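First, one chain by itself: the form predicted on its own, in structure tokens.
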Amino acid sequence: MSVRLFVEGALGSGSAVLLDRDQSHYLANVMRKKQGDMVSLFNGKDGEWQATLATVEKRVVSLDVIQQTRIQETEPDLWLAFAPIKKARLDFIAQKATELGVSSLTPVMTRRTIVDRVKTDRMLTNAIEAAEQCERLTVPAVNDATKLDAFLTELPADRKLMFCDEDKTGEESHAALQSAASKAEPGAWAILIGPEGGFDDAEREKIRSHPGCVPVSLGPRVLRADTAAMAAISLWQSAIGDW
């Protein structure tokens, strides 16, 4: 069975990689890899490389990098901002958003958000595992939770904001996205998903006041937050992404 691992260090022909304890345990004890076996490595910058296991011990595995198998590719500049939800469904968002090509994940606290703490290290672990499995060459950035006001204040004016408003007053998604995107390339975008209680009126007004706001409808049904996030990403990818 082929194995892909995300590593932090630089990758290049002839370089050596020392895996951390968890990755070493995974290769040696879970996957039962032996000295001389091949694995694939990526770091989000240098493409994908083939490497061979040089030393295999219980807690330390080292690899020799042999050759590049894929060059680094440009990916969509798409952020996902969402009101955090319960742990298992948060895991789902991190995994599936990574598979769908999101470049950044940001939990956003709203007035009706129920969850008050977010384990971003757990989100990052899920994102890394998803990137390894789906053959993606990068791992999305995982940001600390922030309040909605701060998120909107810091959101660049030239980044389009796909606002998925549960009041269903937004435009049909494909038409709205294609109209807002450049004909040459989609440019920088963010998707904003609210809590399951919805945004309140003051929040909705502030979101719509952002210069890049593109309000869209996700259809006639009320969706759970994790379902809404996947639907929104899929619609964006279908309309102007890299599908």
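Treat the numbers as computed from the prediction; the structure is a model and nothing was measured. The first residue of the shown sequence is 1; numbering continues from there.
Another form exists, predicted in complex with another copy of the chain; not displayed. Remarks below refer to it.
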Item checked: Interface segment, criterion being heavy atoms within 4.5 Å of another copy of the chain in the predicted bound form, picked from 22 to 30, 213 to 221, 61 to 69, 42 to 50 -> 213 to 221
Item checked: Contact label in the predicted bound form: S234 to another copy of the chain, heavy atom within 4.5 Å -> yes
Notebook entry, point to check: Taking the shortest heavy atom distance, is E135 within 4.5 Å of another copy of the chain in the predicted bound form?
Noted result: yes
Note to self: Whether L100 contacts another copy of the chain in the predicted bound form should be assessed with a 4.5 Å heavy atom distance threshold; does it?
What the structure shows: yes
Next item on the list: Answer for S173 alone: is it within 4.5 Å of another copy of the chain in the predicted bound form, judged on heavy atom distances?
Entry: yes
